[in-house]
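One chain comes next, on its own, written out as structure tokens in the form predicted alone.
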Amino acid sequence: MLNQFFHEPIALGLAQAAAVTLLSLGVMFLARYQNIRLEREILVALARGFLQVVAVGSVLVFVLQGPWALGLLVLLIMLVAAAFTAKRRVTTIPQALTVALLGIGVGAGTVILSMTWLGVIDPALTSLIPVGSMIIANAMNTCTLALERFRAEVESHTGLIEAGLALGADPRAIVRPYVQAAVQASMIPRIDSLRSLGIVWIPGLMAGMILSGTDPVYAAIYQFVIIAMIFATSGITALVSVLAVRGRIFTPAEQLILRP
């Protein structure tokens, strides 16, 4: 219906953004009716999300015409921003920023560099930046989920952990079950995405490739490639993040720092 009133692409886009914003605000008021207070976070997220993505879109007009190294710089900036975002969600984790940088950097960096070298990701900036940003974003989400689950597991088992420490057990052995639980929990969304691919959902990249005239079979295969890369990124990120924070929750004297 909106395309009947707005014919310019930018005007139509703004109208579409306004429509979905109203829908999101309706969800916010529904949550408030149930005494779920998320107004500030939702309003800030909507405003920041819109302004940031429009700013990035404006910058990409010039970036995509630049040298290949500029694309790596853009991805590096995204990676650092992702680490700061993850850190804000897990502020009680000791050295949270360092852990997030390490987890996201190793997870996303390993996949982006190796897949670009092998030719799975096209090194052209028009492909490298969008695909790389998806990989970094999913690494950020996985890092946050893994660290938050690990924190919750440790805080809910503080008594057992301290009892084990008092008996002289190795701190790493004591928290091993919580490491496993955190990694498994953070990987569930990625596993479900792989399982439901093509049956429950057709991702936007595949749809866009088909609309642009790409062979549907190749579009489907490449979409699987993207989801598989995201899965690999999530696995590496979860493992590195949780293993990195495992030793940071104890003092040099093997006393537990992370408490409820």
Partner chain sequence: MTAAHADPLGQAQPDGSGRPASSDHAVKIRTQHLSRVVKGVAIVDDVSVDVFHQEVMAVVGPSGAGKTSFLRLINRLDEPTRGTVYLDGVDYRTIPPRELRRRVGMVMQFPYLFPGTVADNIRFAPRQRGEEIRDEEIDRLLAQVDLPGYRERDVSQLSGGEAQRVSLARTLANSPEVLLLDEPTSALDDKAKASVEALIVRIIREQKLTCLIVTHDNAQALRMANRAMVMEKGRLVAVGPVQEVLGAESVLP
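Positions refer to the first chain, counted from 1. Please read all numbers here as calculations on a predicted model, not as lab measurements.
Below: the form predicted together with the partner chain, not depicted.
- Proximity of E155 to the partner chain in the predicted bound form: non-hydrogen atoms within 4.5 Å are absent; the residue sits far from the partner.
- Among heavy atoms of G119, none comes within 4.5 Å of the partner chain in the predicted bound form.
- Among heavy atoms of L167, some come within 4.5 Å of the partner chain in the predicted bound form.
- In the predicted bound form, A124 stays away from the partner chain, with no heavy atom inside 4.5 Å.
- The contact residue chosen from L113, A181, L160, A81 relative to the partner chain in the predicted bound form is L160, the criterion being a non-hydrogen atom within 4.5 angstroms.
- Residues placing heavy atoms within 4.5 Å of the partner chain in the predicted bound form fall in a single listed stretch, namely 168 to 176, out of 135 to 143, 168 to 176, 81 to 89, 94 to 102.
- Annotation for 231 to 260: interface residues with the partner chain in the predicted bound form are A253, E254, Q255, R259 [heavy atom within 4.5 Å].
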